[in-house]
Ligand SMILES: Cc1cc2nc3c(=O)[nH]c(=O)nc-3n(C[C@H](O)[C@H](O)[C@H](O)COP(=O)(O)O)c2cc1C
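Below, in structure tokens: the form predicted on its own, a single chain.
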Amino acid sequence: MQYDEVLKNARKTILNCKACPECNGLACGNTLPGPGSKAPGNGANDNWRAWKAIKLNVDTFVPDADVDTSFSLFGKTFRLPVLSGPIGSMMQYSKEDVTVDFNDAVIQACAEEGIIASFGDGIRGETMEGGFASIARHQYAGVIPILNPIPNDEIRKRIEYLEPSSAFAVSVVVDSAGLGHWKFNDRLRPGSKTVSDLKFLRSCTKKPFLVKGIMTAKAAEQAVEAGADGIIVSNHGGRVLADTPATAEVLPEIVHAVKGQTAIIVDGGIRNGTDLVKALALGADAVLICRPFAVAWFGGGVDGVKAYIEKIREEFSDAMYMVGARRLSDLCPEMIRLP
């Protein structure tokens, strides 16, 4: 299945989305993928434009060899340094809540393509339960559940629920405390977390523990202090606060602060293989991509998601070759030109 066909099909079935050739937040006005946005600006486009402003330096004066895109995280090896992003609710895309079906297809596609999948816990209990059923169904140990910053005791219960599973790791997303729709849930109303909170949550699991929603060097250092095995540099698609910097803008200072102390994954506006080269050249270990996976699923189910992953793989491999990198460890700042 070709990616152009995926986009064509998606335009017939997906709601509130134009299935643009490259998802940049313009046609949808930054209202997707999830509810709760309170930002008047377009953080999705800010993220996208920041990556586009970085250019690649062509360098073919290197020994000729095949490109190896394999990637290791927490002792497991994957074919590509890409994670599918979590979407807690698909209601904005469809007349019915298809979140469980979406997560199942993405986990299957990621298992077959050899990349890491993630899914959000969402407000509805069925979302998390469905995610764990999919892990078991596809027997895939490359999935990361990403939990919202609800009260600590509720997060602890969810960690206890996932601990016996073959989930690869667990993450808490701290910036979704700012999403408006969560504030109407009295029992599970999210809030900000301290280093002590994260230390407690880290102690609840034997799995690798990540913190998503890091946007400053200070926050990265605090996550490391709390015991995070990995951080995800993310501004939640720019939906939790207007006028935040793009993730590409803050990534270098975060890398400078904590590189080598924790795994660094970056999210926000990364759409293709050339963006992936830029992120890793800046010091990220991997990237997380969210919105395009929803479009790919509506455009072709499991095959549509696989087509998108293969598109990224081909673009990434080609871009690595042309900047003179043959393995991920070769990627460095000299291979890019900053604005």
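A residue's number is simply how far along the shown sequence it sits, counting from 1. All values reported here derive from a predicted model rather than from experimental measurement.
Just so you know, the form predicted in complex with the ligand exists too; it's not on screen, but the next bit is about it.
Participant: Determine whether any heavy atom of Ile231 comes within 4.5 Å of a heavy atom of the ligand in the predicted complex, and answer yes or no.
Facilitator: Ile231: no, not in contact with the ligand in the predicted complex.
Participant: Verify the contact flag for Arg291: yes if a non-hydrogen atom of it lies within 4.5 Å of a non-hydrogen atom of the ligand in the predicted complex, no if not.
Facilitator: Within the cut-off, so yes.
Participant: Is Lys306 near the ligand? Define near as a heavy atom within 4.5 Å, in the predicted complex.
Facilitator: No, Lys306 is distant from the partner.
Participant: Could you tell me if Val143 has a non-hydrogen atom within 4.5 Å of the ligand in the predicted complex?
Facilitator: Close contact is absent here: in the predicted complex, Val143 is far from the ligand, nothing within 4.5 Å, heavy atoms only.
Participant: Out of 129-137, 217-225, 251-259, 81-89, where are the residues with a heavy atom within 4.5 Å of the ligand in the predicted complex?
Facilitator: After filtering at 4.5 Å, what remains is 81-89.
Participant: What is the one choice in Val173, Val170, Ile264, Cys110 with a heavy atom within 4.5 Å of the ligand in the predicted complex?
Facilitator: Of Val173, Val170, Ile264, Cys110, the residue with a heavy atom within 4.5 Å of the ligand in the predicted complex is Val173.
Participant: Heavy atoms within 4.5 Å of the ligand in the predicted complex is the criterion; list the residues of 233-253 that meet it.
Facilitator: Counting only heavy atoms within 4.5 Å of the ligand in the predicted complex, the contacting residues of 233-253 are Ser234, His236, Gly237, Arg239.
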